[in-house]
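Each of the two blocks below gives one form of the same protein chain as structure tokens; they are labelled structure 1 and structure 2.
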Structure 1
Amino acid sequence: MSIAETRVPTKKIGNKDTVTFTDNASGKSVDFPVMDGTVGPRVVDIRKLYGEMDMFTYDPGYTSTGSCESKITYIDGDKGELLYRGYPIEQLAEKSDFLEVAYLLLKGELPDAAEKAKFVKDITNHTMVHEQLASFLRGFRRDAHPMAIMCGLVGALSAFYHDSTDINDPRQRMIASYRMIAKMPTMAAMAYKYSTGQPLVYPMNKLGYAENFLRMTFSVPCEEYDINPVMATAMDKIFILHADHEQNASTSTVRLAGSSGANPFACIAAGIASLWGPAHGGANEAVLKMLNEIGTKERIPEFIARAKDKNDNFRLSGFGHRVYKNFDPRATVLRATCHEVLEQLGDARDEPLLELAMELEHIALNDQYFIDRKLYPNVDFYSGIILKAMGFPTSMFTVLFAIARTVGWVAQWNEMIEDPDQKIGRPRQLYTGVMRRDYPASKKR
């Protein structure tokens, strides 16, 4: 049975264009309303498809499926454009700071001076975690991957903050959102310190968000820690670039978990788990491992060949994107930041890594396989080089991504709960298993 779908609207429902699905087998035709966004592809509202035509759509990986309506982030993959509440990412990266961007993503507008000061104060006053969380930490082996620790610590927050888990109370939702944004750097630094055997460092309220995180991560009690402004600026910019990205895998995970009414801390823990995958946020760690494995420019052709070989599941980490079929604008900003940071912070050993990355980018972008598939460097391709130069171990790269993306996750989670169209997410399937059969006695199997 096939559906011939005419793209041109055949008639209107009210003032809405429609798309008509015609089932050639039964001859049945049904009109479905088309919805327009502010910008970007229109959507066909197929919510009545199953009831009207006894059919599901089939879209593994949701390559052509809009899961929700959102006002937060817009991506134009062909243009390589990324807007947070309408503002281009490159302008925010250059002119704003992470907490101002967090306010923008959460509330929809940039704050005035008083609003910003209050928001920064509110976030800062939530940076400490319950002292018993440190003992929870000690249940992990010292060599536990910090993302595993973050899944545990963030999930455990729901055991500590019962006063902000009622998702139907807007005030509690905002308190939980502020707590998540404020405490992620503290827990991330705890995970890092625990892996080094160094003592945990408490947040210092007089410091900015990125500065506080760097001090909790790299300072030791036996000496003063001077914040390096280049590092703090680079850290803040990296957080801005990673803050939100429409309905990516981890954000969709947070929305799906939240659609069941789960508490916000559990939803963010689910998002962290999804982000960890090497096809998603884990790619920045994978890029560094790949560059170190390639080692020299002479070996690049060998790895390009492997990336093209369908019998080899190797993929070029940091390349390609479900949405961007042009440069990822975040990669463009990070590529420039790379040079700044390496000049200021990186030791000479990191230069070859950057040169290797740029040579790999050059070769790949001139290779027909990558050109045909519109595979460009993405946000993860350069971030790892900067983070390594800043002194982070590769195992912490995705944790830093999670700190930043928590802002997007809580903004999207709040939007989902406030959406009157929202209901529990429950996709269907195409069943191709065996038909009904009776249980056989063991001697008959």
Structure 2
Amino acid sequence: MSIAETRVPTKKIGNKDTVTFTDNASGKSVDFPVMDGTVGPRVVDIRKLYGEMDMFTYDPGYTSTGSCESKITYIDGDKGELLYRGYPIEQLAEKSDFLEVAYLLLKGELPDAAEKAKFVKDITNHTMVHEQLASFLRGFRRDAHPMAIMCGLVGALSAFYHDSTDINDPRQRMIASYRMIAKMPTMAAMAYKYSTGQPLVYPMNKLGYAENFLRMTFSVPCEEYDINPVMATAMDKIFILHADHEQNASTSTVRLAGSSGANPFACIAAGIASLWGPAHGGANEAVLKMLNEIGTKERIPEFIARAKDKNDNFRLSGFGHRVYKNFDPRATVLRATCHEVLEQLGDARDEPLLELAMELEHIALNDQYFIDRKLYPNVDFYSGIILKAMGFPTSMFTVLFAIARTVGWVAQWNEMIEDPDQKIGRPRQLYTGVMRRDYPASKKR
């Protein structure tokens, strides 16, 4: 059996450090360059590993593998830091709005007043969808999950907008990007309205992005809809906080689909399918399911004890984060927003689960067990409570995530298309199946 070892850089090629990979069986050694990003861990460039050593790396989940070079988002889990194009998420959530953040992610810099006005106008002019898409919508069962509907509607956009599917044309890529950012709230509201049996509501271009979505979702033709500014601000912040998150599962899916040359609408539909998973976009829905399981404030001590019991499989959803080893910076922003929303609703909320959630938050923030393990409430905990308070059913939670993340997906997809080093995604495998064998006749099996 061949034994290989890797040594920390011992020499340089030009001005670059290298890592030496040695196969002890053959005695062959190869130097691989070490790459430095703007910030973050150094990266070993192993693109020539197979050609030079006839070996692959084994990395389930790609947790130690950099699949691309990107300038969009950076996460430091130990520091609890999230940057969009270098800007801290806390500053953007406090001072910016979603469409300005969308411009930043797409273009790389914050817009000036004229650039922002034009961008908002361009997005707003694309908010309507082709009327025949409503006929497509009605093909779904009434009880279809909204995410199933979104997968179908977004994938179907390529059948309606042939003038923006050429990925080699920068202008068509831009038009497709704008269309998806603009139409996603419209289609999400359509999915919600269809499930309730209410008539579809067209967008209104004089409204802001979050305001327009709330109106399309909750208004009915028979009466005026008054937009609550606290709710609209909360919705806008949720969109900002979920707009991008580095190379997560759904973003990697968009990039992988796009690497084959698939049209942008198909790529975003693939991202929605990946986001649907409970380990990814369904986390805030899991929070509400957990609260329903707990049921009453009197049962909280029982479930806290179960969470601390190593022999119990129960886990508190919405606490801690696999990336952030400290406090989730998005949760810091959304905690204040959550309390603002609940205070605004006052007695109108009349929802025992929300009171239960606040009591659970208080215990977790003060219990030494959670403090020592840094199991703070995360962004999914607070977003789930806010969306529940606003009146969204849990089935819509991941759809709202998809609205926000579309901006990040589009930005990442465009960056991938323009990257000269990008190749079609083709992960390798460690094969552990049977060796080659001959086909036996049925009577010999």
Ligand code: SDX
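Definition used throughout: the rigid core is the maximal C-alpha set that superposes within 1.5 Å between two forms. Everything quoted here is computed from the prediction, not taken from an experiment. Here, a residue number simply tells you its place in the sequence of structure 1, counted from 1.
- Only structure 1 comes from the form predicted together with this ligand.
- In a rigid-core overlay of the protein, residue 281 has its C-alpha displaced by under 2 Å between the two structures.
- A movement of the C-alpha atom of residue 120 falling short of 2 angstroms is seen between the two structures when the two forms are aligned on their rigid core.
- Once both forms are fitted on their rigid core, the CA atom of residue 190 lies less than 2 Å apart between the two structures.
- The two forms line up on their rigid core, and residue 299 then has its Cα shifted by 3.9 Å between the two structures.
- Core-aligned Cα shift between the two structures at residue 320: this is 4.2 Å.
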